[in-house]
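First, one chain by itself: the form predicted alone, in structure tokens.
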Amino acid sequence: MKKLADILEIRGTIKLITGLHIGAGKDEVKIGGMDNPVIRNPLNGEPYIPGSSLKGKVRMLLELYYGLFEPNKGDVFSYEVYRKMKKELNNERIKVAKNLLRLFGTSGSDFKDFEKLPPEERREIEEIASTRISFYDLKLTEESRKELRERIGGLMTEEKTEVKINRITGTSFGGALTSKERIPAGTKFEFKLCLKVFEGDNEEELLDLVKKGLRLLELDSLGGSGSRGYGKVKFRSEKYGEGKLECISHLKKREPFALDLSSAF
């Protein structure tokens, strides 16, 4: 049975370079409200970034970067997909594939009829099982909370109106205005994720994948309408500066160190 060797906490802030829209879903639309509201904390009404949105986007970007996803359906990279692709992968890609599964976990279906699987597959599943990475919901920094309340008011957001253009006349279609609620550019959120490291894991390789995933997010976008300029973000550590995050070891009690996203590629 593998043992937990360390829990690394990676923290800093995430700054919106452009407005962010992470939708709340149609069930959240109130009478007289905007068509596309952002998700909010039901207890205090403040906009936030769900950890699930970050995890999903970082995972997808890493799978795209390494070409590791279900080729016919485009589904997430699971052990079942890995099993089908394994013969086509060289040793380096097998190492990356197994580290991706270590980071983001395996599906419960991978354990179906576990005892009937060949010994090699049972060992592989036992080795990679247990999700290593945990993303947290991101709340506003105190600085941004104060600024948004003072300059915008209770909603803390902006309404972005967009127009559908007639391709022949070059003018807007009548009634083709749509509006989206966005969290304004410049807003900062407190960022934190945790990485569990088990005995036998290569910590450096797992951290390298995390670094690549976060850097890819900076290069791409978060939330909806990324192709229209929404959701550009930048990470920062108060201690280490722009493009870096602080990494803290909780079990081995090592000195904190910087995770430099600029060295990811």
Partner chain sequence: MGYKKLRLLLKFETNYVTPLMADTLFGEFCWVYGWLKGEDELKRLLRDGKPIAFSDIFPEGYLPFPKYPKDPFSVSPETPEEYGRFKRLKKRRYLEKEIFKECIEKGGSFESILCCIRDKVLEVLKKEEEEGKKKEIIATEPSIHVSIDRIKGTAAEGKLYHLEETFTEKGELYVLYKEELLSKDDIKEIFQILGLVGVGAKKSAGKGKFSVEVSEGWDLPEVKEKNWFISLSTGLPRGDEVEEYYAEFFTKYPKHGREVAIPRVFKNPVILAKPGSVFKISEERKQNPEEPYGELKSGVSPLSDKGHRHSFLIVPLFVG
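Residue numbers count along the first chain shown, from 1. These figures come from a predicted structure and were not determined experimentally.
What follows is about the form predicted in complex with its partner chain, which we do not show.
Thinking of 2, 106 and 192 as one candidate spot, does its partner chain come within 4.5 Å of a heavy atom in every one of them in the predicted bound form?
-> Yes.
Could you spot which one of 129, 96, 85, 155 gets a heavy atom to within 4.5 Å of its partner chain in the predicted bound form?
-> Flagged contact: 129.
If you check in the predicted bound form, is residue 250 within 4.5 Å of its partner chain, heavy atoms only?
-> Yes, residue 250 sits close enough to its partner chain in the predicted bound form that at least one of its heavy atoms falls within 4.5 Å.
Give a yes or no for residue 149: in the predicted bound form, does one of its heavy atoms lie within 4.5 Å of a heavy atom belonging to its partner chain?
-> Contact check for residue 149: no, nothing within 4.5 Å of its partner chain in the predicted bound form.
Although its partner chain is absent from this view, report whether residue 160 comes within 4.5 Å of it in the predicted bound form, heavy atoms only.
-> No.
Find out whether any non-hydrogen atom of residue 112 is located within 4.5 angstroms of its partner chain in the predicted bound form, and reply yes or no.
-> Judged by the heavy-atom cut-off of 4.5 Å, residue 112 is in contact with its partner chain in the predicted bound form.
Per-stretch contact check against its partner chain in the predicted bound form, the hit in 121 to 129, 163 to 171, 178 to 186, 88 to 96 (non-hydrogen atom, 4.5 angstroms) | It is 121 to 129 that comes within 4.5 Å of the partner.
Note that its partner chain is not shown here; using its position in the predicted bound form, name the residues of 120 to 144 with a heavy atom within 4.5 Å of it, in sequence order.
-> Read in sequence order, the residues that approach its partner chain (within 4.5 Å, in the predicted bound form) are 125, 126, 129, 130, 131, 133, 134, 135, 136, 137, 139.
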